[in-house]
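Only one chain is included here, represented as structure tokens and corresponding to the form predicted on its own.
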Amino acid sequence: MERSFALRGDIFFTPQYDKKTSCPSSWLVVIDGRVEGIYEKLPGRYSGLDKYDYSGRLIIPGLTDLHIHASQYQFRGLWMDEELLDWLNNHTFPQEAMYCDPSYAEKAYRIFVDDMLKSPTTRSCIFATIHKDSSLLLCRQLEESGLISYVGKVSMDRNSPDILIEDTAEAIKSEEEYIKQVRSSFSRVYPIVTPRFIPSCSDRLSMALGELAVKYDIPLQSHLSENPGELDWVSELMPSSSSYADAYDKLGLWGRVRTIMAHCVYSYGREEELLENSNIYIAHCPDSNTNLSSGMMGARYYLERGCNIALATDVAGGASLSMFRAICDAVRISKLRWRHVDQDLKPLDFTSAFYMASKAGGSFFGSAGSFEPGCDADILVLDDSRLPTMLDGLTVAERVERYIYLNPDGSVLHKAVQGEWLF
């Protein structure tokens, strides 16, 4: 059978945000790209499978980046002294305008995809730009990499530089063409409707995009309650709405299909119940929220309420592509928030942050990010022997935590997606 094998090593995963599972020196059995089970001794019925023995190595699920701007990858780590709106106008929009040139896009996206391939990320939800042809180039490169992704052609028709403002009718037409082309051309890359955010999308465009998402039954992604200046702007544009989320709801962009809302730093109070919609996914972006002075989100609050909340890098607001760093940043920021803002809300711990980066994000794609039976076999093999220590008797969970904290760039020994080894 294709994509079927048995893999031996020290296995770790998080089936729940408050539960971790460790299986030292065990076999992970994969049948046709899906996890069949984990065994201390390999049952005889699997003796004919290909076997990969990584004894002493760590085996964890592939990680999902729920919100990242591929078009911003070239300037990550730059211009971090400004807040969101100034950062967008002064740097992000001029850089994204360069993707009108397909030759530039081809080279820039190649750097992004090559680095994504080497990272701990196996699945991602990506913003491209308003440029359809360049966005399709990104889709093609991702398809060839073996990674699984949703890629959105961004839509914008107001409050942006002239070179990034689309004619509303043309934007709607271009989005529908993009959806059809991605669906017909790729098997690992999927379209996702992508209104940038309310300030850059007219009511007419927003409502039309919502209808396209429903018509083609595809998900939608945007930004929500990221920065105080952004919230004030949305209140001016949508004065009849009780909150930013309510504004999306009035425009038909809230929860009709699976929907990612990035950030949600200021979503307490009026937006809480709307975020409990089972179709809404919160993309928590701790590095970006810090770099752009947006704020400290109370991530555990949403975990405990049963909301869908996962982790994201939000490059280039976030400076690193590594989901290992996102895990560590999420824990660190939650500790600061607990200490300085709200001591009634416990901080995240490593288990809950790892869950958000693995199973929580993977659930947006169906069943991924875990080693429970039936899950897609997205696999990372890690070699922590490269990090010598005099400590004896570390558990598998402790070794995974140590490896992730000491590898902020996210080095990975081997990587598989749906049981297919990428390297």
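We number the residues from 1 along the sequence you see. Since the structure is predicted, the reported quantities are computational estimates derived from the model, not experimental observations.
Not on display, but discussed next: the form predicted together with ligand GUN.
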| remark: Checking Ile333, Leu251, Leu84, Val182 against ligand GUN in the predicted bound form, the residue with a non-hydrogen atom inside 4.5 angstroms turns out to be Leu84
| note | From Val193, Ile309, Leu292, Met297: within 4.5 Å of ligand GUN in the predicted bound form by heavy atoms is Leu292
| query | Should the three residues Arg8, Arg34 and Leu380 be counted as contacting ligand GUN in the predicted bound form, with contact defined as a heavy atom within 4.5 Å for each? | reply | no
| Listed range touching ligand GUN, judged in the predicted bound form by heavy atoms within 4.5 Å, from 135-143, 162-170, 218-226, 272-280 | 218-226
| message | Contact with ligand GUN in the predicted bound form for Phe197, defined as at least one heavy atom pair within 4.5 Å: yes or no? | response | yes
| field | ligand GUN contact at Ser241 in the predicted bound form, heavy atom, 4.5 Å | value | no
| said: in the predicted bound form, does His263 come within 4.5 Å of ligand GUN, counting heavy atoms only? | reply: yes
| Any non-hydrogen atom of Leu88 within 4.5 angstroms of ligand GUN in the predicted bound form | yes
| Residues within stretch 282-315 having a non-hydrogen atom within 4.5 Å of ligand GUN in the predicted bound form | Ser288, Leu292, Asp314
